[in-house]
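The chain that follows stands alone, in the form predicted on its own, written as structure tokens.
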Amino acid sequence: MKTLSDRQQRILSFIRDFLEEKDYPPTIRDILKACQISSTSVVDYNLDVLEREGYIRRDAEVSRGIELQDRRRRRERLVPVPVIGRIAAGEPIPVPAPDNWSMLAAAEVVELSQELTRGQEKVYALRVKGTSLVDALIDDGDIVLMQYVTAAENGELVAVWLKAEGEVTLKRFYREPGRIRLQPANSQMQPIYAEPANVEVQGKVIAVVRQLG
């Protein structure tokens, strides 16, 4: 990329500020007025330079058809993740049978970076209900990203289906002689013990999206 002129830098800065404030791009006349340029043809010329140098992308058929390339690349790195429901981090709550799990309609979809999803497939999200994982910095209302798996290693944070109870819970998984211990990450709460045949792992936590405020 060649060095931009002062005018081109001002135009680029204005486009970026405009997008941040309004979340849609400026028109050529917006740029003309804000950057004190004499004519739309001069604006058009400088936009052509910015596009040629890879700073923006233009759609000639759209009046506000200016897009910052770095903003576009960031958006392209986002992946949609379905939030399929809530999961209790405290006491288990009833959920549909596990053979219907993958068929649940997502109540909402969140767009997250590929860094968060780690490039994994079969990633879904759950909102946490309860405070049994506060010691793991997972609180009520947070979103946990889950990768669908059917087996877990000791210490992994997993969503577990308790078959006899028809309930699901989010706990740390530990295999002990003759039983499974599902451990809350909260010193004020007791673990859940279950027979191995009663436990079905439905996913493991790969990331947490914390709700601030």
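Think of the rigid core as the biggest set of C-alphas that the two forms share within 1.5 Å after superposition. These numbers were taken from a predicted model, which means no experiment stands behind them. For every residue, the number given is its place in the sequence shown, counted from 1.
Not on display, but discussed next: the form predicted together with the DNA.
- Looking at 157-165, 34-42, 172-180, 142-150, the stretch with residues near the DNA in the predicted complex, meaning non-hydrogen atoms within 4.5 angstroms, turns out to be 34-42.
- Put simply, Gln69 is far from the DNA in the predicted complex: not one heavy atom of it is within 4.5 Å.
- In the predicted complex, the DNA lies farther than 4.5 Å from every heavy atom of Arg57.
- Remark: Leu50 does not count among the residues lining the DNA in the predicted complex, judged by a heavy atom distance of 4.5 Å or less.
- Contacts between 9-35 and the DNA, taken as any heavy atom within 4.5 Å in the predicted complex, involve Thr27, Ile28, Arg29.
- With the core held fixed, the Cα of Arg179 is displaced between the shown form and the other one by less than 2 Å.
- Comparing the forms between the shown form and the other one, the C-alpha position of Gln9 differs by 2 angstroms or more, with the core used for superposition.
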